[in-house]
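Take a look at this single chain, the form predicted alone, given in structure tokens.
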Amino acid sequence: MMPKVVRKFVIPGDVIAVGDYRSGSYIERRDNQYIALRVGLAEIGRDEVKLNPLSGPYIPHVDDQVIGKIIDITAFGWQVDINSPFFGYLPASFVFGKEFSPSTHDLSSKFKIGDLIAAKVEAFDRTRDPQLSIRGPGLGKIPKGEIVKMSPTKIPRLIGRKGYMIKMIATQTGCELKVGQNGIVVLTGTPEGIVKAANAIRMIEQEAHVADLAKKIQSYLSGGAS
């Protein structure tokens, strides 16, 4: 049986929990108290506390999967808009390999300006733009799909505990959802399925603080209400 997770809305300064827990971002530990540093939805599990902020820009973290648009091509790589104050950079050597040479390889043969890609944040230290990689399953060019944007801080609610929410949306709409932790979601499926999935995503963004959100989304998907 899965341990019960308690969720509650918090503001900066609120005590989320008291005890001994692992804690994530936006939480400060003071002795045995865990203090909220942002407005958001706190989750208290058996041995961990989390805080999902309800607003804020996307700040890259190493190993994040992001979806971005190619906005420039240089001699040695591609500049990528990742819906962040920082632009991503995909080195050509990560795509062509060690044999890459700007004099012999045409970067536009791989990715053109305007192309969508799924990538991973390989390195980032805030002193320079994050370095991206497309090495890994599911990464690379995204050939088609409808883009839906949501606040990056709401992405954990879209995914849900152990992926429950996103699996439910995919099953009920027949859509494939490719999700970037930078707040970009790409939907592929029938026009009707895409509209329904997009509506569900907007509901999640608007009502991320609601404790029984999964039931509300399930009701919408099953009943077809708009």
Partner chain sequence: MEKRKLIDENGIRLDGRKWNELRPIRMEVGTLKNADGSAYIEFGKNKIVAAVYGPKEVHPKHEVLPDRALLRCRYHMAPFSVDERKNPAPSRREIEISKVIREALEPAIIMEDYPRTAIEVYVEVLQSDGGSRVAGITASSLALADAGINMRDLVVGCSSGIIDGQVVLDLNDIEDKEGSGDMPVAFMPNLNLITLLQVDGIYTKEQFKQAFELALEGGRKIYRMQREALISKFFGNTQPASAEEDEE
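On a predicted model such as this, the values are computed, not experimentally measured, just so you know. Heads up, when I say rigid core I mean the largest set of C-alphas that superpose within 1.5 Å between the two forms. Residue numbers count along the first chain shown, from 1.
Omitted from view is the form predicted together with its partner chain, to which the following refers.
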Of the candidate stretches 31-39, 184-192, 62-70, 169-177, the one with residues having heavy atoms within 4.5 Å of its partner chain in the model of the complex is 31-39
Margin query: Is it true that Phe9, Asp129 and Ala214, all three, sit within 4.5 Å of its partner chain in the model of the complex, judged by heavy atoms?
Written below: yes
Of Val49, Ala198, Leu54, Ile159, the only residue with a heavy atom within 4.5 Å of its partner chain in the model of the complex is Leu54
Practice problem: Although its partner chain is absent from this view, report whether Gly97 comes within 4.5 Å of it in the model of the complex, heavy atoms only. | Solution: no
Requested in this report: Look up in the model of the complex whether Pro143 has a non-hydrogen atom within 4.5 angstroms of its partner chain, and give yes or no.
Outcome: no
Would Gly13 count as touching its partner chain in the model of the complex under a 4.5 Å heavy atom rule? yes
Hey, in the model of the complex, does Phe87 get a heavy atom within 4.5 angstroms of its partner chain? yes
On a rigid core superposition, would Ile59 pass a 2 Å threshold for CA movement between the shown form and the other one?
no
Check your understanding: By the 2 angstroms cut-off, has the C-alpha of Lys162 moved between the shown form and the other one once the rigid core is superposed?
Key -> no
